[in-house]
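Have a look below at one chain only, the form predicted alone, in structure tokens format.
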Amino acid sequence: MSDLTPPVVILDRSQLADNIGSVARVMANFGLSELRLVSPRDGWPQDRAWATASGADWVLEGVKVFDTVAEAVADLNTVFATTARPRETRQPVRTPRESARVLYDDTASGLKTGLLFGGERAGLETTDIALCSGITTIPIDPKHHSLNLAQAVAINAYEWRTLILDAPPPRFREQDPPASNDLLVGMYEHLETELEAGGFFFPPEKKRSMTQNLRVMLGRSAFSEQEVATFRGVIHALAKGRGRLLAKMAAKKDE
């Protein structure tokens, strides 16, 4: 049996304790153990979750709670957003089987991975999908596309488990591994701050969609830690140069 660390499961704004417990149950069925909750509607812990977990207590006892998706995925390198609706983002879309293979290879390379699932009613926000490396979509029949949260987790967990049992040789990366999400978000915010100062976000009401598009574009590049540092250096140099130019212009006005 492989000793690879399985992907983290992140549930965004879960509504029902029963569903959280059912997710813990299927995670335990397929060898996944780390569950993270983002702003669960009724708080945490919830007794009802233990009642529906059917003995998968170790998953529930290890739950970590976060206020935002960004915080929940900050330490992860590769995260796939599991959603039936890719929305406006232009990210790679894979089936659970294809995603499991990527997660397996990245985990074997020493990276930390995860699967993000949206709330029962609203699903995932585009801003949260933009923090992910790609989208996982379950190929269900369009005649009846209703799939509950635990079922979605179970399908993805099953594909991971299949790879572990088959123990395929990992496809090791030839390039540097991607940076963690906290480094990427820091780079995004650095760029967005300077673009705001430069008047890029115009008209103001389009700032949200423009920011999302920028993050998706940059996210597809899978920046390494060194590339993040280099890109932030570029941003700093451009901002510094703009500052010098503005200072010269102000000096000329005062003459």
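From a predicted model like this one, the values you see are computed outputs, not experimental measurements. Residues carry their position along the shown sequence, with the first being 1.
The following text describes the form predicted together with another copy of the chain, which does not appear among the structures shown.
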Hey, in the predicted complex, does E71 get a heavy atom within 4.5 angstroms of another copy of the chain? no
Wondering, does R13 line up within 4.5 Å of another copy of the chain in the predicted complex on heavy atoms? no
State yes or no: in the predicted complex, is some non-hydrogen atom of V102 no more than 4.5 angstroms from a non-hydrogen atom of another copy of the chain? no
Although the partner isn't part of this model, could you tell me whether W58 comes within 4.5 Å of another copy of the chain in the predicted complex, counting any heavy atom of the residue? yes
Just one of 126-134, 104-112, 150-158, 176-184 has residues with a heavy atom within 4.5 Å of another copy of the chain in the predicted complex, so point it out. 150-158
Contact residue in the predicted complex, from G198, G62, G31, G43 (heavy atom within 4.5 Å of another copy of the chain): G31
Indicate whether the candidate residues D75, K206 and R208 are all in contact with another copy of the chain in the predicted complex, with contact defined as any heavy atom within 4.5 Å. no
Residues of 138-154 having any heavy atom within 4.5 Å of another copy of the chain in the predicted complex, listed in sequence order: I138, P139, I140, D141, P142, K143, H144, H145, S146, L147, N148, A150, Q151, A154
